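Presented below, as structure tokens, is a lone chain in the form predicted alone.
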Amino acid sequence: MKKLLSLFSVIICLSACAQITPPAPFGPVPSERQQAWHELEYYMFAHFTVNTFTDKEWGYGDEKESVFNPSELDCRQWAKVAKEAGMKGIIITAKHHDGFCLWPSEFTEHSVKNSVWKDGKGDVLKELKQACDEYGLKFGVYLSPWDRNSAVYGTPEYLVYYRNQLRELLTKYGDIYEVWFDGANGGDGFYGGKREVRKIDNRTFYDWANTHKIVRELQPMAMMFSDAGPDTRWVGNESGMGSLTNWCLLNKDEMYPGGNFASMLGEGNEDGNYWVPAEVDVSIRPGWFFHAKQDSLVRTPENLMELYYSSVGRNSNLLLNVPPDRRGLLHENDVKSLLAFSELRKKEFENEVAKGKKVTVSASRGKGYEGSRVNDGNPETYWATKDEDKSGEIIIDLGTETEVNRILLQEYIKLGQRVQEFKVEAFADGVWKHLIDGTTIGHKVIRKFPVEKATKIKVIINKSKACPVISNIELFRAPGN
């Protein structure tokens, strides 16, 4: 009889557990390549070309190839610094608006093959790719759609030329994780000696849909960046500021690189039809290319920390430009600041106080989706409510009075971005005290607040487009107040 009862109990338990299904994906969700990109979070931009040697930001296109002559080019130094700084990859300006190619392109004479550097036998991209592989970094390329050197820019022939160059980059340098398409399109230039203004219709000229197909075919895991994606979008400014409300969603069908969309790119579209998360691009110096007169104007470690909070801390990836100098090295001032920022960041997040602490929730979907999933250290587990519950509370019991001044929140974005409104409170001196209000979460948000001595922290999801799915909550006592 006892055996029968035991068997009956097992059957009932199995039946009950079988009824607890995971939440269905809601709205657009990240692709495999986008999910991998989200997890990178922070990587380097390297603006390097003839401008480095002419002291310009935008080359005109008439620069002699002999101008490019780094005396001590060492891409291993770039990669070593990037690795030590905690970066996950490097994107190089393979061709900027001046049209000069950092690789020996067979489709133009305006490249390193006609420079005095290494007697024309050098290839910056090859050296950087090898360095990235050595240091375990991802490798990405920037290929400017505008070319102020090309005699055929603005004609149908240029599109053939541009795509040939794109194919070179995508087939000769192994795996590429991001292809960067700038929004600068047309204007005055050299154009093979014409010295004139050439304007194009940036809605149609580049036939972006078919250009994108080349990337999809040759590098299926590569992210494509532009104002309009298709994989990741510009944040709308170059000051390093992500938006506090930041949807990974975008209605991009009518959008195109170089269009007048900056004002809405920060927030994205709450009801967007595509997953196109934001990337923050910003330089460690006032300019994008190296200028010796800016050696004293390098961002401080503290300022870089603020950039981190306003980018990664606001559901964006951080692409930080660190321009090599005329030697072909990252300047000492830049390196010093980068490495000090790395140490500052480690100290900021080394004292985590929530992991493994007792969690209670207002409601749960059931077994496998309990509140304890938010601080178990496993990014693949998450707390979820039943489908009809689009709000809820999570309380982390710190056990004893604990100083806290930072919170990190993550949604399980493989099921979509859902949270529209949240707030955080602390239980201190016998009452709940308000700490912060928030809107979106997405892949990650990190918020500061004044030090609070609390025994419990409560995260309240006030509003969500579908049942909330929270994969991670971390609490920190960072240095300072």
Ligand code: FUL
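Quick caveat: nothing in here was measured; it's all calculated off a predicted structure. When you see a residue number, it is the position in the sequence shown, counting from 1.
The following text describes the form predicted together with the named molecule, which does not appear among the structures shown.
Chemist: Identify, from the list Glu370, Glu270, Glu238, Asp387, the residue with a heavy atom within 4.5 Å of the named molecule in the model of the complex.
Modeler: Flagged contact: Glu238.
Chemist: Only one of Met264, Ile395, Leu159, Ala184 comes within 4.5 Å of the named molecule in the model of the complex by heavy atoms, so just point that one out.
Modeler: The option sitting close enough to the partner is Ala184.
Chemist: Does any heavy atom of His97 come within 4.5 Å of a heavy atom of the named molecule in the model of the complex?
Modeler: Looking in the model of the complex, residue contacts with the named molecule include His97, since a heavy atom lies within 4.5 Å.
Chemist: Answer for His443 alone: is it within 4.5 Å of the named molecule in the model of the complex, judged on heavy atom distances?
Modeler: Outside the cut-off, so no.
Chemist: Residue-level question: is Asp281 within 4.5 Å of the named molecule in the model of the complex, judged on heavy atoms?
Modeler: Answer yes; at least one heavy atom of Asp281 falls within 4.5 Å of the named molecule in the model of the complex.
Chemist: Might His38 be said to contact the named molecule in the model of the complex, defining contact as any heavy atom within 4.5 Å?
Modeler: Close contact is absent here: in the model of the complex, His38 is far from the named molecule, nothing within 4.5 Å, heavy atoms only.
Chemist: In the model of the complex, which of the stretches 23-31, 435-443, 45-53, 449-457 has residues with heavy atoms within 4.5 Å of the named molecule?
Modeler: In the other structure, the partner sits against 45-53.
Chemist: May I ask whether Trp247, Trp275 and Tyr412 each come within 4.5 Å of the named molecule in the model of the complex, counting any non-hydrogen atom?
Modeler: Checked in the model of the complex: no contact with the named molecule for any of the three.
Chemist: Taking only heavy atoms into account, state which residues of 288-302 are within 4.5 Å of the named molecule in the model of the complex, ordered by sequence.
Modeler: Contacts from 288-302: just Trp288.
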